[in-house]
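One chain comes next, on its own, written out as structure tokens in the form predicted on its own.
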Amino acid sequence: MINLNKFSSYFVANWKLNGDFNFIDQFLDQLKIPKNDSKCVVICPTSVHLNYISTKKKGLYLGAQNVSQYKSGAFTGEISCQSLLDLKVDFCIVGHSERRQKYFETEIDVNQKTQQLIDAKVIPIVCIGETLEDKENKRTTNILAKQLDDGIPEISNSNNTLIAYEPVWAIGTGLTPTLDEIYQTHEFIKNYDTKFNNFKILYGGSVKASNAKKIVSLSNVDGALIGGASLKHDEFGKIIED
């Protein structure tokens, strides 16, 4: 398992269901990797491209977008933690809002997947966040508290788990919380329970070159989970640049 303490910040590219071999070749050829090796830059492609990137990445870490909560068995189409290990995957996104909403993943699923990854020495990036309805009804902290209580297993700690706060209403919409809202929410997460005091917490939700540096400069934000902007090598390059 990667030593999380050697990094000052994390930048995770979630390519979702995008990319092909040609795209990957062009992206990696043109992307400028930061000279500052305290920045951890992670690429999360589709599962079928994990092996291809693993043979080409230089100065980058490899991440998966999802994993099964089961070790093995009759689960057609699923990907096991052992499969990720075979491909030398370092990180794995868990509980992304799209998985929760479109594939009906529960907190139990998120919890079990996180445990499987930790046991396999792969770092889970556990996503939490509220919908616009939750926000408008002032339920943000209640929603986050439940996700932290039920989705983060007891074996998680600051050495083996990352948390990504992604307000669902900001993902792919171009909308972002104010810097103060981001600060306050990250402060809530870190102080919700003493076990979370030292966790690294990433922000995700319409992160782009024009706002990334201000967001990551907040004292309780340890990096970013980037969606659409991570598909453009020049945009992503500006986000991760020294």
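In case it trips you up, residue 1 is the first one in the sequence shown, and so on. What you see is a predicted model; the values in this text were computed from it and never measured.
We do not show the form predicted together with ligand 13P, though everything after this point is about it.
query = Among the candidate residues Ser206, Thr185, Asn66, Gln69, which is the single one with a non-hydrogen atom no more than 4.5 Å from ligand 13P in the predicted bound form?
reply = Selected option: Ser206.
inquiry  = Counting any non-hydrogen atom inside 4.5 Å, which residue from Cys81, Ile171, Ile123, Leu144 sits next to ligand 13P in the predicted bound form?
reply    = None of the other options qualify; the answer is Ile171.
task = State yes or no: in the predicted bound form, is some non-hydrogen atom of Gly19 no more than 4.5 angstroms from a non-hydrogen atom of ligand 13P?
result = Residue-level check for Gly19: no, no contact with ligand 13P.
ask   = Going by a heavy atom distance of 4.5 Å, is Glu105 a contact of ligand 13P in the predicted bound form?
value = No, Glu105 is distant from the partner.
ask   = Could you tell me if Glu130 has a non-hydrogen atom within 4.5 Å of ligand 13P in the predicted bound form?
value = Result no; Glu130 lies far from ligand 13P in the predicted bound form.
task = Report whether the minimum heavy atom distance between His96 and ligand 13P in the predicted bound form is within 4.5 Å.
result = Yes - in the predicted bound form, heavy atoms of His96 and ligand 13P come within 4.5 Å of each other.
key: Residue stretch of 206 to 214, 24 to 32, 52 to 60, 192 to 200 approaching ligand 13P in the predicted bound form, non-hydrogen atom distance within 4.5 Å   = Correct option: 206 to 214.
inquiry  = At 4.5 Å, heavy atom to heavy atom, what parts of 204 to 238 sit next to ligand 13P in the predicted bound form? List them in sequence order, or say none.
reply    = In sequence order, Gly205, Ser206, Val207, Leu225, Ile226, Gly227, Gly228 come within 4.5 Å of the partner.
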